[in-house]
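One chain follows as structure tokens, the form predicted on its own.
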């Protein structure tokens, strides 16, 4: 049985595609599956930083395509998880250095030996997007609850729906802030799902720990105590076909919050 190729896309930049790719890939690998992450954002390249692998990159996807190395030589193993490998983008080349057919061929080879190939898509709907989706049969669209991001996500969903090879398109809602939803300063999860009309695969809360984890080159799924880490692990379980309830983001966190919650309940009873 061949592996699954999933493109992680959004349209708009800065909504957390690369963070999502790193964390879902790490979570799937931690659960025992063989995973390859492909960074297709030629000219920028950030996925290696999020994984803490920036000093281990010798060859890139462009080196593979231009036959300066074999595909296996360009795959960099994760420091902590041997099930996870990265195929890095080239910083010195632009998106014209790779075409859709070449990327599809790479995905076809990788899915023969791996359970999952996750393709981190660059922002926009031009050549980089067309390349990234070429080898995929599934897509995860990442957006934040902001109108500009949702509009771009809607555009991307429309493009994905025109591609016969893409049989599944799901939504991951990032940087959700329950306090802003309650005060009507942010759209609710139901609002966003109602607009985009695709199945929800994940709700990731705003978590300052993601900034720290990014700076450390350590995906937040490795932090058992982080709420965003748990949310990403839940996404990985849903990808694997398990039925996992979405996190209750209104649940109080920390000991003091729980004590206050208990006291408030006791007051109500009295």
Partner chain sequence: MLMEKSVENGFIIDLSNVKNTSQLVFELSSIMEHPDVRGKRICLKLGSLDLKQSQLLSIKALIDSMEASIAFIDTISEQTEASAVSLGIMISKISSDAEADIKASDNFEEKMLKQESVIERTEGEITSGAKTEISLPNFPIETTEGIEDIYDEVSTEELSEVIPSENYDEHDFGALAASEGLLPSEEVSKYILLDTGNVLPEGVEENSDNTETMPTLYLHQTLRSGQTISYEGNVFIIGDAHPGSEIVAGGDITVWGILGGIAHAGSNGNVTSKVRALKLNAIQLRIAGLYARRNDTLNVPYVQKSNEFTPEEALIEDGKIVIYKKLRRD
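Positions refer to the first chain, counted from 1. The shown structure was predicted, so the numbers you read here are calculated from the model rather than taken from an experiment.
As for the form predicted together with its partner chain, it is not shown, yet the points below apply to it.
**Q.** Segment assignment from 154-162, 95-103, 67-75, 114-122: heavy atom within 4.5 Å of its partner chain in the model of the complex
**A.** Among the candidates, contact is made by 154-162.
Q | Heavy atom of each of 191, 194 and 198 within 4.5 Å of its partner chain in the model of the complex | A | Every residue of the candidate spot has a heavy atom within 4.5 Å of its partner chain in the model of the complex.
Q. Would residue 90 show up as a contact with its partner chain in the model of the complex if we use heavy atoms at 4.5 Å?
A. No, residue 90 sits far enough from its partner chain in the model of the complex that none of its heavy atoms falls within 4.5 Å.
Q: Spell out, yes or no, whether the shortest heavy atom distance between residue 150 and its partner chain in the model of the complex is within 4.5 Å.
A: Residue-level check for residue 150: yes, a contact with its partner chain.
Q.
How about residue 167 - does it come within 4.5 Å of its partner chain in the model of the complex, if we only consider non-hydrogen atoms?
A. Looking in the model of the complex, residue contacts with its partner chain do not include residue 167, since no heavy atom lies within 4.5 Å.
Q) Is residue 184 close enough to touch its partner chain in the model of the complex, meaning at least one heavy atom pair within 4.5 Å? A) Residue 184: contacts its partner chain in the model of the complex.
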